[in-house]
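Let's start with one chain on its own, the form predicted alone, as structure tokens.
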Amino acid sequence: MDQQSPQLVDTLISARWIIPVRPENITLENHTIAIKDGVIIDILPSDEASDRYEATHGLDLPQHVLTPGLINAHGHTAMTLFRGMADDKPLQTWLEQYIWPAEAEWVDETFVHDGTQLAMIEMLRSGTTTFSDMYFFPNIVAKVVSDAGMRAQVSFPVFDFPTAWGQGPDDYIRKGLNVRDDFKHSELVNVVFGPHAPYTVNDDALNKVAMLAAELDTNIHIHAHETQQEVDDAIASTGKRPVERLNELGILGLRTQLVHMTALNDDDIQLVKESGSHIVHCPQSNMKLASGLCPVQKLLDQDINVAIGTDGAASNNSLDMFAEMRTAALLAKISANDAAAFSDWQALEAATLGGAKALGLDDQLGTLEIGKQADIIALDFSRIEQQPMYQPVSQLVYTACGHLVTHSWINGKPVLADREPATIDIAEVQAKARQWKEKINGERR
């Protein structure tokens, strides 16, 4: 009987370790991922792969670990051009005296284009393949993302007051829905509602967002409970805690992403649980702005989905999701007074599958499984700083390893190879960043 011919696939990636995230707590050694038409079709021992498959492209990474691409579930990408401009300030001072005036002066389509490209390079080189953005000119963000072959949820902002991109709630919503229509057939870009926060959007506008989002089956991405002061002010002005008000207005739900959520009591947590909303934890930004502590372990104990985000580089100041994972894991232990809280595996899951669930993409992303999109990253673990290697997932979460990302694929297409982005010119983006710094710095003198 003739031996069956190998199946032709697009790509075979072999590595020393593969951490698929699902099944849980599993690390595969000396395995290979087979990719065809952008989808994972097999994960098998490497010594069997060459007999079963013939690939157009093959890559052997004998000292690397493969994981799902990380999902940065909250940020303001263009604000990377404000990195380090207003450090060591409390949130309201940072916003009202520094960031909002700078945005009024500088933010336009070119600023957003250049800042988004700068952020995307940083994210790609530290393992992020999907990110959620909330910023002005979402039409520009969506195009930059699409052109680069990266994946993003683009949240169009809604405010009560005028900004560089809109005049008021109805104007923001109209423009945002136009952007959504423009990208409704995109495989990479999902345009969603981004009401800024309970204290910057009135009841009528929030109610309209809730109704339209339900009608269109679209996500809602909103800052909430970022500080205790926000909660206290809300009670003083409305008699309600922010999530209570959001729930009454129809904002909470299965497709809602609540960002920050530091000042929570048991009633808040119960409302989030009952609604099925997701929480996006931004530990480094929360720490830097002294905003408060998100009770991650309490949320997980209630089966509430937790994702991780970096926030913008103006308040972090890094977009490295590996650094964010480490901080989240360590901070949760202090917050819960429990060294077992938010384990390394739970932190990795929050940065992958947790993010995918929050964005409504867990049927496509967040794990390395047959049938899912081939969004994959590779890290070189040959360096002395990674030795000895007892548990690869421990090294991923508890050592500084974002700079060890060497390769990444999105929909099976290489977007980073040997740390060089395939679709964005680093030298050009770096030159533009310097020009922006000189322009902004010169005006501030």
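Heads up: residue numbers just count along the shown sequence, starting at 1. In this text the structure is predicted, and so the values were computed from the model without any measurement.
One more form of this protein, predicted together with a further copy of the same chain, exists but is not displayed; see below.
Q: Might P90 be said to contact a further copy of the same chain in the predicted bound form, defining contact as any heavy atom within 4.5 Å?
A: Flag for P90 set to yes.
Q: Decide whether L330 counts as a contact residue for a further copy of the same chain in the predicted bound form under a heavy atom distance cut-off of 4.5 Å.
A: So L330 counts as contacting a further copy of the same chain.
Q: Is there any non-hydrogen atom of A433 lying within 4.5 Å of a further copy of the same chain in the predicted bound form?
A: Contact check for A433: yes, within 4.5 Å of a further copy of the same chain in the predicted bound form.
Q: Using heavy atoms and a 4.5 Å limit, would one call I410 a contact residue for a further copy of the same chain in the predicted bound form?
A: I410 lies outside the contact set for a further copy of the same chain.
Q: Report yes if all three of G292, A323 and A339 come within 4.5 Å of a further copy of the same chain in the predicted bound form by some heavy atom, otherwise no.
A: Verified in the predicted bound form; spot residues all in contact, yes.
Q: Within 4.5 angstroms, counting heavy atoms, which one of the listed stretches 131-139, 313-321, 237-245, 357-365 is next to a further copy of the same chain in the predicted bound form?
A: Result of the contact check: 313-321.
Q: What are the residues of 377-392, in order along the chain, with a heavy atom within 4.5 Å of a further copy of the same chain in the predicted bound form?
A: If the 4.5 Å heavy-atom criterion is applied to a further copy of the same chain in the predicted bound form, 377-392 yields S382, R383, I384, E385, Q386, Q387, P388, M389, Y390, Q391.
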